[in-house]
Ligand SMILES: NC(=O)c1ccc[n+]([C@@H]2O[C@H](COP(=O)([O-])OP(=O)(O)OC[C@H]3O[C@@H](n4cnc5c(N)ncnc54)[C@H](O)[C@@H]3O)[C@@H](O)[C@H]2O)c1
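Taking the form predicted on its own, here's one chain by itself in structure tokens.
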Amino acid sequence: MLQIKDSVAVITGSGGGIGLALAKHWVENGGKVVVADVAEKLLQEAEAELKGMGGDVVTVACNVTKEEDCARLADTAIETFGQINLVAPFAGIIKDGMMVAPDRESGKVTKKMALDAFKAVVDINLTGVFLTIRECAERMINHNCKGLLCLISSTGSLGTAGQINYSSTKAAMSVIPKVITAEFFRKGLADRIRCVAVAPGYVGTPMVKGMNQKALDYIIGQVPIGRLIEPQEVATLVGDIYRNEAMAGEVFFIHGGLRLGSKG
């Protein structure tokens, strides 16, 4: 069993939401954290909060779509703490919309998802994850670190209407752990560096809680446990997977029993 105490977590998208919840969980359990986000104001706020908890924290302004930023992020972790034990590439965005949207009256397509909206989500949610874990894994191997690459998928990976961009990236997050585990197994690394994904359902982030109340009530009505998943519950799951070295190459859902209907 691995221990969080004194281990080093690199977390992108950790200026808020699930990423910040994971950073707090790591600090609460004696771990050290490299907090990365593209929003510098959120970084400053997160740093102040985590240090107020007594955390050993360093922040990095990072655009995960840029190779040089991801390399600098990984180097900062090694230079500051000497190791990387958890990599949590949690930076992500949504730009929802139907691929094509016919008009109700004419039946003709009047709107369609813009290429920019599709590519923006793929760039951050897929390419950004690839760059983050590639750069961090390289340093982990070269510095003989032991730990976990933990991606964040979603129940959206099962196919949600209006999210062809987002769902595609989250489906990718579900298969990448299998690919990396197989590659690391071939190279004799799978016992040192594991890869998994966690797949939350509807999580009670500030953005979700700030939705139109009618829409939020509808969402909650689809969840068997009758509420949103708390970010802290996702963070706790990541911590449990980190500790348990038998958990590798798989996707772990945390959705309160949610099942998507035929209309997504």
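The model shown is predicted, which means the values in this text are computed figures rather than measured ones. One-based numbering along the sequence shown.
The next section is about a form of this same protein that is not shown, the form predicted in complex with this ligand.
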Checklist entry - So in the predicted bound form, does any heavy atom of residue 16 sit within 4.5 Å of this ligand? => result yes
Next on the checklist: Quick check on residue 200: any heavy atom within 4.5 Å of this ligand in the predicted bound form?
Outcome noted: yes
Next on the checklist: Considering non-hydrogen atoms and a 4.5 Å limit, does this ligand approach residue 92 in the predicted bound form?
Outcome noted: yes
Checklist entry - Is there a non-hydrogen atom of residue 59 within 4.5 angstroms of a non-hydrogen atom of this ligand in the predicted bound form? => result no
Next on the checklist: So if I measure heavy atom distances to this ligand in the predicted bound form, which of the stretches 22-30, 51-59, 37-45, 235-243 falls within 4.5 Å?
Outcome noted: 37-45
Next on the checklist: If the cut-off is 4.5 angstroms on heavy atoms, which of these, 180, 133, 152, 193, is the one near this ligand in the predicted bound form?
Outcome noted: 152
Checklist entry - Hey, which residues along 164-197 are within 4.5 angstroms of this ligand in the predicted bound form, non-hydrogen atoms only? => result 166, 170
